[in-house]
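One chain is shown next in structure tokens, namely the form predicted alone.
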């Protein structure tokens, strides 16, 4: 006998079919198209496109930006999550809303904000020019734009978990004489390490794939300020489809590696992760 809360076989089959259909059409098919287009002229042509000096420069710049933005967001995310979950203060709801702001603001708008602040005609433009400091159309501007669009990921991964865990263990550690750093390393960090790792993985994936904000502040200077997504656009607009899809396939491959790593961790440490969430 089927329980009242159970779905019928037809309903379950329909839901499964819809889910698989959406995944196939909107996820697997585009990925398959990217990889097949990259290999349209053979593997050697795709490798040659990746060895192009402009492509190598774009890859290096993307990795550098991610290497700077992700650790900074890691520090911010942990601090923001600790503040929101462990303390009560006026304006907490406003702070949470500000953390979520990049989710609702268009990346293009965020890039434009930095142009208005640090561009030659911006608020700080004349002072930066007089002191020979370049923000826009240079690495600092790209890093700032990337940090803006990615900083909610780690904080948003940690806040719900740390809020559910409460403050009892930290308060007990402090009562027993532990310092703030010891409390964090020995009590808080073990409880949040998986959520922290997931947030870092998501932040890194978004940092490497960001297009809109970086496009505004980079200036699209080949070999200097083009990241991998921008390089894909340049190649595609120049009708160099094999090169564009080769770089795009590398980006997709990095995303798949991130997803695979996350899935392996979930499988390998499933019991520990479940215990942490129950806690």
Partner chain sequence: MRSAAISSPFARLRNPSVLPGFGLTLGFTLFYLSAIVLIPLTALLLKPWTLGWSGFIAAITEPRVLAALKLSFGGAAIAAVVNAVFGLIVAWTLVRYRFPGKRLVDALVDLPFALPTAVAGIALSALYASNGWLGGPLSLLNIKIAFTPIGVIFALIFIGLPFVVRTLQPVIADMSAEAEEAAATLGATRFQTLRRVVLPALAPALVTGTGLAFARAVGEYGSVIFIAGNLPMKSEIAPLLIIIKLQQYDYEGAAAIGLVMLAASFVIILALNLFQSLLAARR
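Treat the numbers as computed from the prediction; the structure is a model and nothing was measured. Residue numbers count along the first chain shown, from 1.
Just so you know, the form predicted together with its partner chain exists too; it's not on screen, but the next bit is about it.
Trainee: Taking 4.5 angstroms as the cut-off for heavy atoms, does residue 259 touch its partner chain in the model of the complex?
Mentor: Contact check for residue 259: yes, within 4.5 Å of its partner chain in the model of the complex.
Trainee: Within a 4.5 Å heavy atom cut-off, is residue 125 in contact with its partner chain in the model of the complex?
Mentor: Judged by the heavy-atom cut-off of 4.5 Å, residue 125 is well away from its partner chain in the model of the complex.
Trainee: State yes or no: in the model of the complex, is some non-hydrogen atom of residue 88 no more than 4.5 angstroms from a non-hydrogen atom of its partner chain?
Mentor: Heavy-atom contact with its partner chain at 4.5 Å: present for residue 88.
Trainee: In the model of the complex, is there a heavy atom of its partner chain that lies within 4.5 Å of any heavy atom of residue 42, even though the partner is absent here?
Mentor: Because no heavy atom of residue 42 falls inside 4.5 Å of its partner chain in the model of the complex, the answer is no.
Trainee: What are the residues of 71-86, in order along the chain, with a heavy atom within 4.5 Å of its partner chain in the model of the complex?
Mentor: Contacting residues: 72, 73, 75, 76, 79, 80, 82, 83, 86.
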